[in-house]
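As C-alpha coordinates, one chain now follows by itself in the form predicted alone.
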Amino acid sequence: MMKHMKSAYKRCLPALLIGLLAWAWPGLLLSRAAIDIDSPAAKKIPVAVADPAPRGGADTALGSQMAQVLTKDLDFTGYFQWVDPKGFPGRDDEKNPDFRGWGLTGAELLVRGAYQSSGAGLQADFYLYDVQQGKMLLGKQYSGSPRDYKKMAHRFADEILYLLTGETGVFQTRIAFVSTTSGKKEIYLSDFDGGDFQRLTHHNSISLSPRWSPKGNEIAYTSYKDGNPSLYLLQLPGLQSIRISHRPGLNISPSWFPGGESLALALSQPGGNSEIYQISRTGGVLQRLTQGAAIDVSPSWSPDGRQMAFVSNRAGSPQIYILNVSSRETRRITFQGNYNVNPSWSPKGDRIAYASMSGSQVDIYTVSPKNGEVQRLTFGGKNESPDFSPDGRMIVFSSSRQGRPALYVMNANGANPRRITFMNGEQTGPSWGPKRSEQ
(Lines give C-alpha, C1' and ligand atoms only; values in the text may rest on other atoms or scores of the structure.)
Protein backbone atom coordinates (compact mmCIF):
# COMPACT_ATOMS: atom_id res chain seq x y z
CA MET A 1 0.00 0.00 0.00
CA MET A 2 2.81 2.40 0.88
CA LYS A 3 4.48 1.65 -2.46
CA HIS A 4 1.24 2.52 -4.26
CA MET A 5 0.86 5.79 -2.32
CA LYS A 6 4.42 6.87 -3.08
CA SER A 7 3.92 6.10 -6.75
CA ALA A 8 0.76 8.23 -6.85
CA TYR A 9 2.48 11.09 -5.08
CA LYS A 10 5.38 11.14 -7.51
CA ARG A 11 2.91 12.03 -10.22
CA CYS A 12 1.94 15.12 -8.26
CA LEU A 13 5.23 16.70 -7.16
CA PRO A 14 8.80 16.85 -8.42
CA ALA A 15 11.20 14.36 -6.85
CA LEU A 16 13.21 17.00 -5.01
CA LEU A 17 10.10 18.51 -3.43
CA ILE A 18 8.94 15.04 -2.39
CA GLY A 19 12.18 14.50 -0.54
CA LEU A 20 11.95 17.81 1.28
CA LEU A 21 8.35 17.25 2.35
CA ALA A 22 9.01 13.71 3.49
CA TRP A 23 11.83 14.89 5.73
CA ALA A 24 10.16 17.97 7.16
CA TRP A 25 6.44 17.21 7.15
CA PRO A 26 5.67 13.47 6.98
CA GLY A 27 2.01 14.09 7.79
CA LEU A 28 1.58 16.26 4.73
CA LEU A 29 3.27 13.66 2.54
CA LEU A 30 0.82 10.96 3.56
CA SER A 31 -2.32 13.09 3.55
CA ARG A 32 -1.65 14.47 0.04
CA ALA A 33 -0.23 11.24 -1.41
CA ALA A 34 -3.25 10.25 -3.52
CA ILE A 35 -4.10 13.76 -4.76
CA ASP A 36 -3.51 14.52 -8.41
CA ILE A 37 -4.21 18.25 -8.68
CA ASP A 38 -4.28 18.11 -12.47
CA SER A 39 -7.17 15.63 -12.56
CA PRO A 40 -10.68 17.05 -13.18
CA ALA A 41 -11.95 14.65 -10.50
CA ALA A 42 -9.29 15.60 -7.94
CA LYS A 43 -10.41 16.16 -4.37
CA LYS A 44 -10.13 19.81 -3.45
CA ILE A 45 -8.12 20.57 -0.32
CA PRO A 46 -10.25 22.25 2.39
CA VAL A 47 -8.49 25.44 3.51
CA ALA A 48 -9.43 28.13 6.01
CA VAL A 49 -7.97 31.63 5.74
CA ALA A 50 -8.23 33.56 8.99
CA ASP A 51 -7.90 37.34 9.12
CA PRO A 52 -4.30 38.26 9.98
CA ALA A 53 -4.15 39.80 13.44
CA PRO A 54 -3.20 43.48 13.86
CA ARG A 55 -0.26 44.32 16.11
CA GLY A 56 0.29 47.57 17.95
CA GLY A 57 -2.94 49.28 16.99
CA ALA A 58 -2.68 48.63 13.25
CA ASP A 59 -5.75 49.17 11.08
CA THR A 60 -7.99 46.14 11.69
CA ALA A 61 -9.66 46.43 8.27
CA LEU A 62 -6.35 45.67 6.56
CA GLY A 63 -6.29 42.14 7.97
CA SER A 64 -9.69 41.37 6.49
CA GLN A 65 -8.60 42.77 3.12
CA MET A 66 -5.48 40.59 3.04
CA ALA A 67 -7.53 37.51 3.96
CA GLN A 68 -9.95 38.26 1.13
CA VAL A 69 -7.07 38.46 -1.38
CA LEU A 70 -5.58 35.17 -0.17
CA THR A 71 -8.95 33.42 -0.23
CA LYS A 72 -9.70 34.64 -3.75
CA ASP A 73 -6.25 33.59 -4.96
CA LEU A 74 -6.49 30.05 -3.62
CA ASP A 75 -10.06 29.65 -4.85
CA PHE A 76 -8.96 30.85 -8.31
CA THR A 77 -6.71 27.81 -8.77
CA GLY A 78 -9.57 25.32 -8.45
CA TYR A 79 -7.41 23.17 -6.16
CA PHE A 80 -8.91 24.31 -2.85
CA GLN A 81 -12.26 24.22 -1.10
CA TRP A 82 -12.84 27.33 0.98
CA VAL A 83 -13.83 26.79 4.62
CA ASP A 84 -15.55 29.74 6.31
CA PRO A 85 -13.35 30.77 9.27
CA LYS A 86 -16.47 32.06 11.06
CA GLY A 87 -17.27 28.43 11.82
CA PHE A 88 -14.18 28.14 14.02
CA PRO A 89 -15.49 27.21 17.52
CA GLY A 90 -12.29 27.72 19.51
CA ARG A 91 -9.89 30.45 20.50
CA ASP A 92 -6.23 30.77 19.57
CA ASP A 93 -3.47 33.30 19.26
CA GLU A 94 -0.86 34.10 16.64
CA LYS A 95 1.74 31.58 17.83
CA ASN A 96 -0.54 28.80 19.11
CA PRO A 97 -3.37 27.86 16.72
CA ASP A 98 -6.17 25.75 18.17
CA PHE A 99 -5.78 22.87 15.70
CA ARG A 100 -8.56 20.86 17.31
CA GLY A 101 -10.99 23.73 16.83
CA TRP A 102 -9.90 24.35 13.25
CA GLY A 103 -10.20 20.63 12.56
CA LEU A 104 -13.86 20.76 13.55
CA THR A 105 -14.47 23.22 10.72
CA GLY A 106 -13.34 20.59 8.22
CA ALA A 107 -10.20 22.52 7.25
CA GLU A 108 -7.09 20.51 6.45
CA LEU A 109 -4.93 23.57 5.80
CA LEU A 110 -4.99 26.84 7.72
CA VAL A 111 -3.60 30.22 6.68
CA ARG A 112 -3.02 32.71 9.48
CA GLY A 113 -0.93 35.81 9.93
CA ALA A 114 -0.23 39.05 11.72
CA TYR A 115 0.83 42.53 10.66
CA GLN A 116 1.96 45.85 12.00
CA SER A 117 2.39 49.31 10.52
CA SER A 118 4.77 52.10 11.44
CA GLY A 119 4.48 55.37 9.60
CA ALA A 120 4.40 54.59 5.89
CA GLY A 121 5.63 51.02 6.40
CA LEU A 122 3.82 47.71 6.66
CA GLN A 123 5.19 44.36 7.82
CA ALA A 124 3.09 41.23 7.33
CA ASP A 125 3.81 37.70 8.53
CA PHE A 126 1.91 34.78 6.97
CA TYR A 127 1.83 31.13 8.03
CA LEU A 128 0.48 27.92 6.51
CA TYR A 129 -0.42 25.04 8.85
CA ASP A 130 -1.34 21.40 8.39
CA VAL A 131 -4.35 21.20 10.71
CA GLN A 132 -4.42 17.40 10.94
CA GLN A 133 -0.78 17.19 12.00
CA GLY A 134 -0.76 20.42 14.00
CA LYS A 135 2.39 21.68 12.27
CA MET A 136 3.49 24.81 10.49
CA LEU A 137 4.42 24.09 6.88
CA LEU A 138 5.41 27.54 5.71
CA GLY A 139 6.17 30.96 7.14
CA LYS A 140 7.04 34.17 5.28
CA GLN A 141 7.54 37.82 6.21
CA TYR A 142 7.01 40.73 3.80
CA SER A 143 7.70 44.44 4.14
CA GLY A 144 6.49 47.39 2.13
CA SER A 145 3.95 50.20 2.26
CA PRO A 146 0.30 49.72 3.25
CA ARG A 147 -0.70 49.95 -0.42
CA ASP A 148 1.40 46.81 -1.05
CA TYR A 149 -0.90 44.56 0.99
CA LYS A 150 -2.31 42.89 -2.13
CA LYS A 151 1.16 42.19 -3.46
CA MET A 152 2.16 40.61 -0.12
CA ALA A 153 -0.91 38.37 -0.10
CA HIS A 154 -0.34 37.38 -3.75
CA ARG A 155 3.26 36.46 -3.01
CA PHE A 156 2.27 34.20 -0.11
CA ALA A 157 -0.39 32.52 -2.26
CA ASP A 158 2.38 31.86 -4.80
CA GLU A 159 4.49 30.31 -2.04
CA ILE A 160 1.64 27.99 -1.06
CA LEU A 161 1.26 26.82 -4.65
CA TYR A 162 5.00 26.26 -4.90
CA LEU A 163 4.97 24.12 -1.77
CA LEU A 164 2.16 21.92 -3.08
CA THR A 165 3.04 21.75 -6.78
CA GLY A 166 6.72 22.61 -7.13
CA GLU A 167 5.82 25.67 -9.25
CA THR A 168 4.93 29.22 -8.27
CA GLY A 169 1.40 30.37 -9.00
CA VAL A 170 0.13 33.09 -11.31
CA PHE A 171 -0.98 35.58 -8.67
CA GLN A 172 1.55 38.25 -9.69
CA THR A 173 0.97 37.90 -13.43
CA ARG A 174 -1.06 40.08 -15.76
CA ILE A 175 -3.14 39.60 -18.90
CA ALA A 176 -3.16 41.83 -21.98
CA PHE A 177 -6.22 41.78 -24.21
CA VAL A 178 -8.33 43.69 -26.73
CA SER A 179 -11.42 45.52 -25.54
CA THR A 180 -14.03 47.72 -27.21
CA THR A 181 -14.88 49.51 -23.96
CA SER A 182 -13.93 52.86 -25.51
CA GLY A 183 -15.88 52.14 -28.71
CA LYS A 184 -12.70 51.17 -30.58
CA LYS A 185 -10.50 48.09 -30.33
CA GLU A 186 -7.72 49.09 -27.93
CA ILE A 187 -5.18 47.14 -25.87
CA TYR A 188 -5.93 46.76 -22.17
CA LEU A 189 -4.15 45.23 -19.20
CA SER A 190 -5.49 43.53 -16.07
CA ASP A 191 -4.34 41.43 -13.15
CA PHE A 192 -4.47 37.65 -13.56
CA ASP A 193 -8.07 37.60 -12.33
CA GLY A 194 -9.36 40.47 -14.47
CA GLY A 195 -9.08 43.04 -11.68
CA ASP A 196 -7.42 46.48 -11.76
CA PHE A 197 -7.74 46.76 -15.53
CA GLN A 198 -6.27 49.72 -17.40
CA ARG A 199 -6.27 50.96 -20.97
CA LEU A 200 -2.83 50.90 -22.61
CA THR A 201 -3.42 52.31 -26.11
CA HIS A 202 -5.35 55.37 -27.25
CA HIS A 203 -5.05 55.02 -31.02
CA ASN A 204 -8.78 55.48 -31.74
CA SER A 205 -8.38 52.74 -34.33
CA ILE A 206 -8.17 48.95 -34.50
CA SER A 207 -5.50 47.26 -32.35
CA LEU A 208 -5.17 43.48 -32.30
CA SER A 209 -3.17 40.47 -31.11
CA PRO A 210 -1.26 41.72 -28.04
CA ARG A 211 1.61 39.40 -27.13
CA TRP A 212 3.79 39.71 -24.04
CA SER A 213 7.55 39.62 -24.37
CA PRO A 214 9.24 36.85 -22.34
CA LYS A 215 10.74 39.47 -20.00
CA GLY A 216 7.37 41.13 -19.42
CA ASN A 217 8.55 44.63 -20.32
CA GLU A 218 6.99 44.89 -23.79
CA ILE A 219 3.81 43.96 -25.61
CA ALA A 220 3.87 43.39 -29.37
CA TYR A 221 0.61 44.12 -31.20
CA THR A 222 -0.84 45.05 -34.59
CA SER A 223 -2.57 48.38 -35.12
CA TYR A 224 -4.25 50.11 -38.05
CA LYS A 225 -3.62 53.55 -36.56
CA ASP A 226 -1.41 54.58 -39.50
CA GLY A 227 -3.70 53.00 -42.08
CA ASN A 228 -1.73 49.84 -42.82
CA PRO A 229 -1.88 46.96 -40.28
CA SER A 230 1.61 47.40 -38.79
CA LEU A 231 3.48 45.81 -35.89
CA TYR A 232 4.25 47.87 -32.79
CA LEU A 233 6.07 47.33 -29.50
CA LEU A 234 4.47 48.88 -26.44
CA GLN A 235 7.07 49.43 -23.75
CA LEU A 236 6.15 49.08 -20.10
CA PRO A 237 5.67 50.83 -17.81
CA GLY A 238 6.10 54.02 -19.84
CA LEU A 239 3.62 53.00 -22.59
CA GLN A 240 5.80 54.28 -25.42
CA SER A 241 4.68 52.67 -28.68
CA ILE A 242 7.35 51.95 -31.33
CA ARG A 243 6.54 50.80 -34.84
CA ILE A 244 8.90 48.02 -35.95
CA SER A 245 7.26 46.57 -39.08
CA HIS A 246 5.37 48.70 -41.59
CA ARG A 247 5.76 46.57 -44.70
CA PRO A 248 3.04 46.81 -47.40
CA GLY A 249 0.21 44.40 -46.73
CA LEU A 250 -0.30 42.55 -43.47
CA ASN A 251 2.00 42.67 -40.42
CA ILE A 252 -0.01 40.49 -38.07
CA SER A 253 -0.15 37.74 -35.41
CA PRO A 254 3.21 38.25 -33.63
CA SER A 255 4.82 35.57 -31.48
CA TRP A 256 7.96 36.16 -29.38
CA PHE A 257 10.87 33.79 -29.81
CA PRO A 258 12.05 32.36 -26.42
CA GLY A 259 14.40 34.88 -24.89
CA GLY A 260 12.67 37.86 -26.48
CA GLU A 261 15.29 38.96 -29.03
CA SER A 262 13.13 38.21 -32.09
CA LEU A 263 9.55 37.56 -33.17
CA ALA A 264 7.67 35.54 -35.74
CA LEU A 265 4.84 37.26 -37.59
CA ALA A 266 2.81 36.90 -40.76
CA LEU A 267 3.67 39.25 -43.63
CA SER A 268 1.96 39.59 -46.99
CA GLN A 269 2.40 41.55 -50.14
CA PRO A 270 -0.71 43.38 -51.34
CA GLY A 271 -2.86 40.87 -53.18
CA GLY A 272 -0.59 37.98 -52.22
CA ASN A 273 -0.73 35.23 -49.64
CA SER A 274 0.73 35.65 -46.17
CA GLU A 275 3.90 33.86 -45.04
CA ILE A 276 5.59 33.67 -41.65
CA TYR A 277 8.92 35.41 -41.10
CA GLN A 278 11.24 35.76 -38.15
CA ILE A 279 12.27 39.37 -37.51
CA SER A 280 14.52 41.08 -34.99
CA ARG A 281 13.07 43.25 -32.27
CA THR A 282 13.97 46.26 -34.43
CA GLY A 283 12.11 44.86 -37.45
CA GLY A 284 14.85 43.42 -39.65
CA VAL A 285 14.04 40.12 -41.38
CA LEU A 286 16.14 37.25 -40.00
CA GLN A 287 14.64 34.41 -41.99
CA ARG A 288 11.55 33.28 -43.86
CA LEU A 289 9.92 30.35 -42.10
CA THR A 290 7.12 29.26 -44.46
CA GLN A 291 6.82 29.35 -48.22
CA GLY A 292 4.14 28.30 -50.68
CA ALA A 293 0.83 29.23 -52.25
CA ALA A 294 -1.16 28.80 -49.02
CA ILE A 295 -2.05 31.38 -46.37
CA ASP A 296 0.18 30.87 -43.28
CA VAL A 297 -0.53 32.88 -40.10
CA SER A 298 -0.65 32.74 -36.28
CA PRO A 299 2.78 31.38 -35.29
CA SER A 300 3.41 30.01 -31.80
CA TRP A 301 6.89 28.89 -30.73
CA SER A 302 7.63 25.75 -28.76
CA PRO A 303 9.32 26.51 -25.40
CA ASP A 304 12.76 25.55 -26.78
CA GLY A 305 12.31 27.49 -30.03
CA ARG A 306 13.06 24.46 -32.18
CA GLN A 307 9.51 24.12 -33.48
CA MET A 308 6.70 26.46 -34.38
CA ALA A 309 2.97 25.80 -34.56
CA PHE A 310 1.03 27.84 -37.11
CA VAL A 311 -2.21 27.95 -39.10
CA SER A 312 -2.30 27.15 -42.81
CA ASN A 313 -4.99 26.46 -45.39
CA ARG A 314 -2.62 24.40 -47.56
CA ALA A 315 -4.96 21.39 -47.20
CA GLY A 316 -8.04 23.43 -48.14
CA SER A 317 -9.23 24.62 -44.72
CA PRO A 318 -7.40 26.29 -41.81
CA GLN A 319 -5.52 23.64 -39.80
CA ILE A 320 -2.68 23.58 -37.27
CA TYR A 321 0.76 22.59 -38.52
CA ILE A 322 4.14 22.21 -36.83
CA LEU A 323 7.35 23.41 -38.45
CA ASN A 324 10.74 21.99 -37.50
CA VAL A 325 12.77 25.18 -37.80
CA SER A 326 16.15 23.59 -38.57
CA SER A 327 14.99 20.97 -41.11
CA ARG A 328 12.01 22.98 -42.45
CA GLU A 329 9.94 19.79 -42.20
CA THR A 330 6.25 20.59 -41.77
CA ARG A 331 3.57 18.24 -40.48
CA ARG A 332 -0.14 18.66 -39.93
CA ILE A 333 -1.27 18.12 -36.34
CA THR A 334 -5.09 18.68 -36.44
CA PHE A 335 -7.50 16.51 -38.40
CA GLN A 336 -10.77 16.97 -36.47
CA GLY A 337 -12.88 20.01 -37.29
CA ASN A 338 -12.89 21.98 -40.53
CA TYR A 339 -11.59 25.27 -39.11
CA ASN A 340 -8.76 25.12 -36.53
CA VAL A 341 -7.00 28.36 -35.54
CA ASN A 342 -5.31 30.31 -32.70
CA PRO A 343 -2.58 27.83 -31.66
CA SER A 344 -0.87 28.43 -28.30
CA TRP A 345 2.01 26.19 -27.24
CA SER A 346 2.07 25.34 -23.55
CA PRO A 347 5.16 26.46 -21.58
CA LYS A 348 5.39 22.83 -20.47
CA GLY A 349 5.77 21.83 -24.13
CA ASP A 350 3.30 18.95 -23.93
CA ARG A 351 0.12 20.48 -25.41
CA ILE A 352 -0.97 23.01 -28.01
CA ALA A 353 -4.27 24.78 -27.33
CA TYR A 354 -6.40 25.98 -30.25
CA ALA A 355 -9.93 26.97 -31.26
CA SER A 356 -11.88 24.59 -33.49
CA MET A 357 -15.10 25.18 -35.41
CA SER A 358 -17.46 22.33 -36.09
CA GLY A 359 -20.64 23.54 -37.74
CA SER A 360 -21.57 26.72 -35.87
CA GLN A 361 -19.88 25.62 -32.65
CA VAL A 362 -16.43 26.97 -31.69
CA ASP A 363 -14.63 25.35 -28.76
CA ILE A 364 -11.18 25.17 -27.22
CA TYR A 365 -9.17 21.99 -27.65
CA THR A 366 -5.63 20.87 -26.92
CA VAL A 367 -3.53 18.50 -28.98
CA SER A 368 -0.33 16.64 -28.18
CA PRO A 369 2.49 17.72 -30.52
CA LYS A 370 4.00 14.24 -30.15
CA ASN A 371 1.13 11.87 -30.95
CA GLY A 372 -1.78 14.09 -32.03
CA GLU A 373 -4.02 13.08 -29.13
CA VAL A 374 -6.87 15.61 -28.86
CA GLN A 375 -8.78 16.78 -25.77
CA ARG A 376 -11.86 19.01 -25.87
CA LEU A 377 -11.95 21.61 -23.06
CA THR A 378 -15.07 23.76 -23.60
CA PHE A 379 -18.70 23.00 -24.40
CA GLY A 380 -21.09 25.74 -25.46
CA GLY A 381 -20.80 29.32 -26.67
CA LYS A 382 -18.17 30.69 -29.00
CA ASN A 383 -14.76 30.05 -27.44
CA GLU A 384 -11.64 31.48 -29.05
CA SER A 385 -8.04 32.67 -28.66
CA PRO A 386 -6.67 30.40 -25.91
CA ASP A 387 -3.39 31.28 -24.21
CA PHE A 388 -1.58 29.39 -21.47
CA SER A 389 -0.57 30.82 -18.12
CA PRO A 390 3.22 31.01 -17.61
CA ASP A 391 3.16 27.86 -15.45
CA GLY A 392 1.12 25.97 -18.06
CA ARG A 393 -1.58 25.05 -15.53
CA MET A 394 -4.32 27.42 -16.77
CA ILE A 395 -5.71 28.78 -20.02
CA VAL A 396 -7.28 32.18 -20.62
CA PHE A 397 -9.68 32.50 -23.55
CA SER A 398 -12.48 34.60 -24.97
CA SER A 399 -16.05 33.30 -24.85
CA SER A 400 -19.53 34.55 -25.73
CA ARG A 401 -21.29 31.94 -23.58
CA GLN A 402 -23.00 34.68 -21.56
CA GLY A 403 -23.59 37.18 -24.38
CA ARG A 404 -20.84 39.52 -25.50
CA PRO A 405 -17.32 38.09 -25.65
CA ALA A 406 -15.54 38.25 -22.30
CA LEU A 407 -12.42 36.64 -20.88
CA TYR A 408 -12.55 33.35 -19.01
CA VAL A 409 -9.95 31.21 -17.30
CA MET A 410 -9.96 27.43 -16.83
CA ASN A 411 -7.52 24.80 -15.70
CA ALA A 412 -5.43 23.37 -18.52
CA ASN A 413 -7.57 20.21 -18.46
CA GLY A 414 -10.79 22.22 -18.92
CA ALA A 415 -11.88 22.07 -15.28
CA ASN A 416 -13.09 25.02 -13.21
CA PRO A 417 -13.97 27.58 -15.94
CA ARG A 418 -14.80 31.05 -14.61
CA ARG A 419 -15.35 34.50 -16.08
CA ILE A 420 -12.80 37.17 -15.16
CA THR A 421 -13.84 40.33 -17.09
CA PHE A 422 -17.09 42.22 -16.57
CA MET A 423 -16.27 45.40 -18.49
CA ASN A 424 -18.38 47.21 -21.03
CA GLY A 425 -17.90 46.14 -24.62
CA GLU A 426 -16.14 43.00 -25.83
CA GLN A 427 -12.91 41.46 -24.53
CA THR A 428 -10.97 39.24 -26.93
CA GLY A 429 -7.47 38.12 -27.94
CA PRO A 430 -5.91 37.59 -24.48
CA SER A 431 -2.20 37.11 -23.83
CA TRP A 432 -1.08 35.87 -20.40
CA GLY A 433 2.07 37.65 -19.27
CA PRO A 434 5.15 36.05 -17.69
CA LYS A 435 5.90 35.84 -14.01
CA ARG A 436 7.26 39.13 -12.76
CA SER A 437 10.96 39.38 -11.90
CA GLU A 438 10.22 40.52 -8.35
CA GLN A 439 9.08 37.01 -7.57
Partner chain sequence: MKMKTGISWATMIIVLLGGLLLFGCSKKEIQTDGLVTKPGEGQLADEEAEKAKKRARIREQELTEQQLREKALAEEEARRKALTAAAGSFENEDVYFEFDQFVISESAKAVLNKKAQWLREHATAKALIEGHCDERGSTEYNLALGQKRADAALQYLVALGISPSRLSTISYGKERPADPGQNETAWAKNRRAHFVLK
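Residue numbers count along the first chain shown, from 1. This is a predicted model, so every value here is computed, not measured.
The form predicted in complex with the partner chain exists for this protein as well; it is not shown, and the discussion that follows is about that form.
For the options 242, 293, 285, 120, the one in contact with the partner chain in the model of the complex, meaning a heavy atom within 4.5 Å, is 293.
Proximity to the partner chain in the model of the complex, taken as a non-hydrogen atom within 4.5 angstroms, holds for one residue of 190, 209, 255, 201, which is 209. With respect to the partner chain in the model of the complex, the three residues 81, 161 and 168 uniformly fall beyond 4.5 angstroms at the level of their nearest heavy atom. Among residues of the shown chain, residue 227 is one whose heavy atoms approach the partner chain to within 4.5 Å in the model of the complex.
For the chain shown alone, residue 341 is a contact residue for the partner chain in the model of the complex, at least one non-hydrogen atom being within 4.5 angstroms. Contact annotation for residue 173: none of its heavy atoms lies within 4.5 Å of the partner chain in the model of the complex. The closest non-hydrogen atom of residue 268 lies within 4.5 Å of the partner chain in the model of the complex. Figure note: of the listed segments 313-321, 121-129, 136-144, 93-101, the one touching the partner chain in the model of the complex, with heavy atoms no more than 4.5 Å away, is 313-321. Contacts between 375-402 and the partner chain, taken as any heavy atom within 4.5 Å in the model of the complex, involve 382, 384.
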